[in-house]
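Below sits a lone chain in structure tokens, taken as the form predicted alone.
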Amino acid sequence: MYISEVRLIYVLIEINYLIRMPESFKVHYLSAECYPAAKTGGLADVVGALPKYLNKLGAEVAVFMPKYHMRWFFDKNFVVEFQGAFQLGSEYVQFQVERLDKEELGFYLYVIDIPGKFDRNGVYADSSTGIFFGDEIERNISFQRAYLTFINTWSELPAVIHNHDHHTGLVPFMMKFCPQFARLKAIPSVFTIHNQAYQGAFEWDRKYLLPGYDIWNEGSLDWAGKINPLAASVKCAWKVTTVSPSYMEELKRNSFGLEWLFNTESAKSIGILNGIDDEVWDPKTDSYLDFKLEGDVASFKMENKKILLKNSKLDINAPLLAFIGRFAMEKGADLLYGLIEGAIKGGNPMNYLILGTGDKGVEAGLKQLADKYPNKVTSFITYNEKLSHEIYAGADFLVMPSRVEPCGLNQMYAMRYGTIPIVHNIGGLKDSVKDYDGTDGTGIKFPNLDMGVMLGKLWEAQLIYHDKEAFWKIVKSAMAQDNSWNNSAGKYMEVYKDVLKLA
């Protein structure tokens, strides 16, 4: 066969695909979190925003999540769509699928009510005590099996099933290898890793929780002698994505034992930088702000700073550095005490404001720091959505000393509100923040987590604060960045079209 004939065949295949490609197609999202229903981190923000932008591009995205016994769900009007049951080992599990009207969130939200599994006040841990529930494996598998049991009854199946993190990582395997769901085998599956540090692995003596499958397929479940949902999805999904290009490359070098797997599956893997919902995070219309942006950025920042520091002892004229987030090792929260006290003792004139919860030792340390330096440090040991918006609007700098940051959204929120991010140069922070080089940039980066290096960057930040020309140049450059989902949503559409070609 001549080369020209081969090219012609490929052209005809492509034309045939374009002719058959529907103008819109149904995509199902499976996730343990979705903002504003249930949120512990960035996973919820992504799942609660990306579908709206995909729907504008022609996809028809519906989100499926567990129904928790949490405040948001109490006053919502859900319509019952399905009732079913399945055998989970010796347990007979009954469930109900309910749907929220599309106008509520900009996409259809389905919640799966599984009595005894998710009807609790918290996503992974009790909201009042912080104690983890301890039956995560049973809960995750119940959610996944309930979803597959439900859609297995549909006459018109979704075109793509998009799973998020290890909580839904067994779905591609069950679709591919469980005879009960053989009808779903031809549906392309996409798997997005928001944080690879959590893999959901469990021992083989609990494989009875899964529906029946051929024993010859157990290799797709196994990693390091355990059933590993995250690894299984990387093996079985048609396409694998991470939430930033740099994080995808980092996983090939350091992924808690999965390095070989990520290198082997690199051909079907892609990193797509997350975006932010610029309708929610808009300083001109933000309902959480008492003083909104109406033209003059300097006035916007100062008025919000006054509101933010109204009941504190912090100097309104000093540069204000903030931290917002979970007090976890991966976020570098344990470094904050030494960093802030080192800066204060070193004579740095900055003030510091902290918002977050998490590790009890970190909480106690940061509270102690605020008591020790009341004129320099204010800490809020809580989760407060309104206050977080006010901090983004009123702070001058936001520090993110993350050890791991698959994407990070806080730096994008900060830039949107004119707060300069000071970040560790990894993952999504590397991809989204441009280091100020004296002439151009959107933030300040430090190459490693050496305390001396980080303290040096805080001194650099306070010098920039007093160089008003440089400071406002960075602020305006940061605010001009388009970190919305518009760009990222287009890349996800390409992923869906690629897997639909394969289908």
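As the structure is a computational prediction, the values presented were derived from the model and not from experiment. A residue's number is simply how far along the shown sequence it sits, counting from 1.
The same protein also exists as the form predicted in complex with 1,5-anhydro-D-fructose; that form is not shown, yet it is the one meant from here on.
Stretch from 106 to 114, 90 to 98, 211 to 219, 402 to 410 whose residues place a heavy atom within 4.5 Å of 1,5-anhydro-D-fructose in the predicted bound form:
Selected range: 402 to 410.
Contact test in the predicted bound form: His389 vs 1,5-anhydro-D-fructose, heavy atoms, 4.5 Å:
No, His389 is distant from the partner.
Any chance Ala232 has a heavy atom within 4.5 Å of 1,5-anhydro-D-fructose in the predicted bound form?
It does not: once 1,5-anhydro-D-fructose is placed as it appears in the predicted bound form, Ala232 has no heavy atom within 4.5 Å of it.
Heavy atoms within 4.5 Å of 1,5-anhydro-D-fructose in the predicted bound form: does His194 have any?
It does: once 1,5-anhydro-D-fructose is placed as it appears in the predicted bound form, His194 has a heavy atom within 4.5 Å of it.
Please check if Leu458 has a heavy atom lying within 4.5 Å of any heavy atom of 1,5-anhydro-D-fructose in the predicted bound form.
No.
In the predicted bound form, does each residue in the set Leu184, Lys239 and Val495 place a non-hydrogen atom within 4.5 angstroms of 1,5-anhydro-D-fructose?
Spot residues vs 1,5-anhydro-D-fructose: no contact at all.
Here the chain is shown alone; which of Arg145, His166, His162, Lys331 has a heavy atom within 4.5 Å of 1,5-anhydro-D-fructose in the predicted bound form?
Checked against the cut-off, the match is Lys331.
Proximity to 1,5-anhydro-D-fructose in the predicted bound form, single hit among Val433, Ala393, Ile340, Val243 (heavy atom within 4.5 Å):
Spelling it out, the residue with a heavy atom inside the cut-off is Val243.
Sequence-ordered residues of 354 to 388 touching 1,5-anhydro-D-fructose in the predicted bound form, heavy atom within 4.5 Å
Heavy-atom contacts within 4.5 Å come from no residue here.
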